[in-house]
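Have a look below at one chain only, the form predicted alone, in structure tokens format.
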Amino acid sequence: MKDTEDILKDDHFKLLAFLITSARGCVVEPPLYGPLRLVDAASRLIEIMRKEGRVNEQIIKLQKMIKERMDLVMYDEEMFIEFLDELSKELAKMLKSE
């Protein structure tokens, strides 16, 4: 069993903490912050997957899209929603190619 200090440094635990605190934040934040937090969590998960050697170029492309465009929510909500649609389409392409 890991001790508390090890757990607090663990990338999986950091993602867990982000998800739990994000859930609480979604209660009082503007509605589009929920999707923002979810794509941020997806990017964080991809980073964990990258460290574990579990990514391919398509997954890295998804992370790059997220990092480049997730801040759209702050100044252009319509473009942010379009970005979410595009991100979903890229994921669907990955699933269809399998």
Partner chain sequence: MNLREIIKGRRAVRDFKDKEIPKEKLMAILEAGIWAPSGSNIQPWEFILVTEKAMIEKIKLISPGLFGNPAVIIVLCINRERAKRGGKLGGITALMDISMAAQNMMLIAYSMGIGSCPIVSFSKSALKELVDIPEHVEPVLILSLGYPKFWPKPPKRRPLEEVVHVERYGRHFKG
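Numbering follows the first chain given and starts at 1. Note that the structure is a prediction, hence the values are computed from the model and not measured.
Not pictured, yet referred to below: the form predicted together with the partner chain.
Contact with the partner chain in the model of the complex holds for all three of 29, 40 and 74, each having a heavy atom within 4.5 Å. At least one heavy atom of residue 70 is located within 4.5 Å of the partner chain in the model of the complex. Residue 91 falls outside the set of residues with a heavy atom inside 4.5 Å of the partner chain in the model of the complex. In the model of the complex, the partner chain stays beyond 4.5 Å of every heavy atom belonging to residue 81. Along 13-34, a non-hydrogen atom within 4.5 Å of the partner chain in the model of the complex is carried by 13, 14, 17, 18, 21, 22, 29, 33, in order along the sequence.
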